[in-house]
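Presented as structure tokens, the chain that follows is alone, the form predicted alone.
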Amino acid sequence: MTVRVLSKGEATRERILDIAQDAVLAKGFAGTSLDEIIAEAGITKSGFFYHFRDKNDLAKAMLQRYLDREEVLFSGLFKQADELSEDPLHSFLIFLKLFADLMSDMPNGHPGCIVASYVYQDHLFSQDVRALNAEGLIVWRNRFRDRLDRIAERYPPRADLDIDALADMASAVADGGIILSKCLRDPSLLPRQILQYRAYVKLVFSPA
């Protein structure tokens, strides 16, 4: 596989985004100043504004990168799961186990969710950033809804079920697990929450 080498400008832009993301996840968007990002990146203000028009433009770029990386991550895990099983339920259960294992491999726990961080300070962002954030959650819902629809076609659920709500539960479990892990300083809580979601899905769709 060929790995593309970033140009100097691209590398600087990525470093700015890395610094900004770490700061926002640690103390929120309002608590993160451009001056501190510029200082840590070792660039001038004009260097920063070469890459981003303003703080809101930085926020949008940071969110888009986060969503793009998330898409690559989930596509890879689902592909791996599908290669291990053609059964829609078994494949989804494998995916959730792979996801939980991935979260367990993070030595200090998941650093946080940009989507959730932005929601908490929604009033700070422009309409296009808020719309992009909402779009990210819809992508989550549709990604899981598609899988759950395939499962329900083969394995009728054992109880009345709102498939959209079950799809949204994946997002709620992941973000809730991050909050639990960070607040209680126990990185194992996030993967354990994912595995509980997995157990619930298995219970709902497994044949009686």
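Residue positions are given as counts along the sequence shown, with the first one as 1. What you see is a predicted model, and the numbers here were worked out from it, not measured in a lab.
Form predicted together with another copy of the chain: not shown, discussed below.
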**OP:** Report the residue, out of 152, 38, 169, 61, that has at least one non-hydrogen atom within 4.5 angstroms of another copy of the chain in the predicted complex.
**Re:** 169
Original post:
Does residue 120 reach another copy of the chain in the predicted complex, with heavy atoms at most 4.5 Å apart?
Top reply: yes
Original post:
Going by a heavy atom distance of 4.5 Å, is residue 11 a contact of another copy of the chain in the predicted complex?
Top reply: no
**OP:** Examine residue 143 and determine whether its closest non-hydrogen atom to another copy of the chain in the predicted complex is within 4.5 angstroms.
**Re:** no
Original post:
How about residue 69: is it within 4.5 Å of another copy of the chain in the predicted complex, going by heavy atoms?
Top reply: no
**OP:** Output the sequence-ordered list of residues from 173-196 with at least one heavy atom within 4.5 Å of another copy of the chain in the predicted complex.
**Re:** 173, 175, 176, 177, 178, 179, 180, 182, 183, 184, 185, 189, 192, 193, 196
